[in-house]
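As a starting point, one isolated chain is supplied in structure tokens, in the form predicted alone.
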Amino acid sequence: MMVQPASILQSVFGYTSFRHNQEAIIDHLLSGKDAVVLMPTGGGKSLCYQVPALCLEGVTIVVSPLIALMKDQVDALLLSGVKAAFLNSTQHPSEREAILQQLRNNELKLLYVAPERLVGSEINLLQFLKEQASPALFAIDEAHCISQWGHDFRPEYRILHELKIQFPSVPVIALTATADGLTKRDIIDQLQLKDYRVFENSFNRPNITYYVKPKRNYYDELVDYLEQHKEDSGIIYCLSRNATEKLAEDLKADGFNAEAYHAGLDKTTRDQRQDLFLKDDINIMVATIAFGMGINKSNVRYVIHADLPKNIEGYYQETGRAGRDGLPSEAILFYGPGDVMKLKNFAQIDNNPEQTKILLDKLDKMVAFCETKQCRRKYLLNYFGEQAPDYCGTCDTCIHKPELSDQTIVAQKIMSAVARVNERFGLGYIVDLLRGSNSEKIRPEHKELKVYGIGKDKPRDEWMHYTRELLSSGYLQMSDNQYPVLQLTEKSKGVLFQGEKVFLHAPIQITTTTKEPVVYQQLPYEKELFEQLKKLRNTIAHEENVPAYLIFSDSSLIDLATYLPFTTEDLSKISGFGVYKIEKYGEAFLTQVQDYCNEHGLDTRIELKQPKRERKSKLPRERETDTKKISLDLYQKGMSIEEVAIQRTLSISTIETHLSYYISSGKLDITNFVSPNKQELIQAAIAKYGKASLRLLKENLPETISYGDIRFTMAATEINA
């Protein structure tokens, strides 16, 4: 018998309703079909396979690219009372064997593995699953890694085409936060999905405000920003290992709690620093892109790029690590054209012009994002094929929309300089020429030109700004080669020779703002209580040696500080408080709330908490499978349930589940398994406690009634349902 997804969502994860199209995705998987899910970071991708995993019999295999991602997910599931584990190279062979034994005994609901582990030399997991376990679902996380068009292509992901060959009837769900049209089609082709549906959510992250700022002399501005956010967690991304080390040291010298993270550090140091960041013992992680994939830390308030990202997909994924709890957060990118040349060099793939062209094209679109004067949110959403309004109100170009002004003379000076050097030099050279630079790179003959030094009245950044404005407006263009140079266009001829006017946006000084967390919820909350609850959460997290956000997210604590629950029943209405967590942590958090309310003369506000209306899921009928047929055949040949389990090297509970299917379909008689007296007791318990929890029923029935008795009786109630 299959448990209701809505029941799992409430009792295990503590949420009263599904978000976006999670419910449709889960129902689709439970009907035995494949799915491709494009959902932004923080949108709830993991629930799309974790909920069906707890509804289905058998184990769900989750393919994940990073050890940190696996550990984080497994820790979170264990804290919610879910049997989960991971297999990776850090484990001792005895640990791996213990996990395989759990698989044999059908004791795991989710197992996380790296793709190369599926057919590894030590353990051929696919073969093991085929012979000794019953996979219910395959979930491919970070699915863009399978595609050569994806921004983080990993050849080891290509082995995943074996899933549909080895297990044609087991549903597969592929999930990613970043995939353009080419990548999406490649994911479908590589995984050989047939009976599938693509689910696409909005890529919009409305709680993130986007800023792009000039990189020149950025450090002082960065320090000013961090001073305003000393209590917040944040990530700063740099292009190189050396850059992360230097920036982290500079920040520490200026009194900030920061550390560097990159692939060149030894594993022990990386793990230690990541652990400190996840547990809020350090506030700032200065990192290369080696850090972050799969890190579900929900209270990251800002992501800063000190260097230009390689592509929009990477930028979107990295900025998406801010504000996973739905609270206001910021993404700041310091942009300098010098980064573009570095990245163009990195994009050159030896003997692979096709891949080089893909990487350069993606870089060009990243540069265009930095230089656009339209809404940055609109640019991002349009990139992923999603329509968006021209104004969002939460990006720098919308917040500080500059007015157009007549800059015809400025434009003529720039265009004249480009023409005088025969359209053979880049942006930086043209600006230095206008500014009258004494640099040796300025050719002697160019110092004799009339345009040399005619721009001394404006700072270099301003000339750079106006030149980029002319590029984005089509008055200039960049040549399409390895070392692009500025060129005139048809539009520029009208300005130079026909007296046409040019109106450009003036440079602006962008300032970021500190906001109250109003996106997640609008009711006022007790800020002092919120801080007390955070301290309590951190104390518990250190005692259990897990990241604080895995205990409860900031949004759950804000719910507590808003609605002030007084009873255990009240707690069940608070986001993130499932049955297991209420039992484990409820009393401590209730006591903190009650003490605060007594001290300040406050009453509960739980009546203001209006849970969203729950929609009933349509449950697909459970399917007959080959493994169930084998168990039925052996039982009908006269074997006991115990003998069938031994014969098949499966657990007794798995065989009971197989036979329950045939009881629910009417092929087996319940009276052959459970006496009428026991059935009556079990049915009375079901009427009182419901069907959501076998454990709850078992605890409230006589010891002589087994889990198998309960399964069989519950299956019998489905015959006429």
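The structure presented is a predicted model; accordingly, all values stated were derived computationally and were not measured. Sequential numbering from 1, following the sequence displayed.
Just so it is clear, the following notes concern the form predicted together with adenosine-5'-diphosphate, a form of the same protein that is not shown.
Q: Just one stretch in 657 to 665, 44 to 52, 28 to 36, 681 to 689 has heavy atoms within 4.5 Å of adenosine-5'-diphosphate in the predicted bound form, so which one is it?
A: Of the options, only 44 to 52 has residues within 4.5 Å of the partner.
Q: State the residue from 288, 134, 296, 283 whose non-hydrogen atoms include one within 4.5 Å of adenosine-5'-diphosphate in the predicted bound form.
A: The option sitting close enough to the partner is 296.
Q: Quick check on this chain: which one of 706, 17, 700, 21 has a heavy atom within 4.5 Å of adenosine-5'-diphosphate in the predicted bound form?
A: Exactly one residue meets the criterion: 17.
Q: Within a 4.5 Å heavy atom cut-off, is residue 40 in contact with adenosine-5'-diphosphate in the predicted bound form?
A: Contact check for residue 40: yes, within 4.5 Å of adenosine-5'-diphosphate in the predicted bound form.
Q: Using heavy atoms and a 4.5 Å limit, would one call residue 144 a contact residue for adenosine-5'-diphosphate in the predicted bound form?
A: Result no; residue 144 lies far from adenosine-5'-diphosphate in the predicted bound form.
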